[in-house]
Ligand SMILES: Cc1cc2nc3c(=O)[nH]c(=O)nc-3n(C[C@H](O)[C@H](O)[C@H](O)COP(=O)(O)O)c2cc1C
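Just the one chain here, laid out as structure tokens, in the form predicted on its own.
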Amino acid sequence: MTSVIPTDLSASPIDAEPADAAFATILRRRSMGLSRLKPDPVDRRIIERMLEAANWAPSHGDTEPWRFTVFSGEGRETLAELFEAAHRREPAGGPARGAQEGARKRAFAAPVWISIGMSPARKEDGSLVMSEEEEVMAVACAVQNLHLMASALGLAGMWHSKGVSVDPAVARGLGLEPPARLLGFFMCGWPATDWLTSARRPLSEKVHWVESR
């Protein structure tokens, strides 16, 4: 059994039309990886609109800790070098030359890569204004905004947050030195396949209501 999507908002004081549009965008969002992306370039104005949506995410203390670097077109050569550097630092017996070449090709497998950095706000004494956990949550909100806008504009993509996407060598190459962190990359492009569909388990399994007596 999957979650039932409520459609009758007639008894609600909210304006149903924009609420329905927002909800439709949320339902449309899917994580779609490299194999599902076309190589076609994406206009910079579209990426800027996604980033502007990300920039309006909430952050405790108004710290706005999200930091992005966009790699597209020939700029992906720089990303390829960062991915290669991550493999070159492996100790003896680590990934072979083929793995390095694979990492390099990966940088060109999506037309757009956006690094997801977290740079926490600090006080004059160097301590954090907010906790690292709160800053990471703020960045996650920004990425969700970015992904929702991408989906609304017809772009497919996903947040990749493991392996070379969070490698310390890649983080350093992006200028993300501790306490800043690299939380991964958002890869995106025009969909090369049918849009994915999905389902969710019933909301009743995840929500407990405590109402007035």
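Residue positions are given as counts along the sequence shown, with the first one as 1. Keep in mind it's a predicted model, so treat the numbers as computed, not measured.
Beyond what is shown, the protein has a form predicted together with the named molecule; the following relates to that form.
Colleague: Only one of these stretches, 37-45, 153-161, 56-64, 171-179, has heavy atoms within 4.5 Å of the named molecule in the predicted bound form; which one is it?
Modeller: Heavy atoms within 4.5 Å of the named molecule in the predicted bound form occur in 153-161.
Colleague: Please tell me whether any heavy atom belonging to residue 49 falls inside 4.5 Å of a heavy atom of the named molecule, as the geometry stands in the predicted bound form.
Modeller: Contact check for residue 49: no, nothing within 4.5 Å of the named molecule in the predicted bound form.
Colleague: For residue 201, is any heavy atom within 4.5 Å of the named molecule in the predicted bound form, or not?
Modeller: Because no heavy atom of residue 201 falls inside 4.5 Å of the named molecule in the predicted bound form, the answer is no.
Colleague: What residues of 22-58, in sequence order, lie within 4.5 Å of the named molecule in the predicted bound form by heavy atom?
Modeller: If the 4.5 Å heavy-atom criterion is applied to the named molecule in the predicted bound form, 22-58 yields 29, 30, 31.
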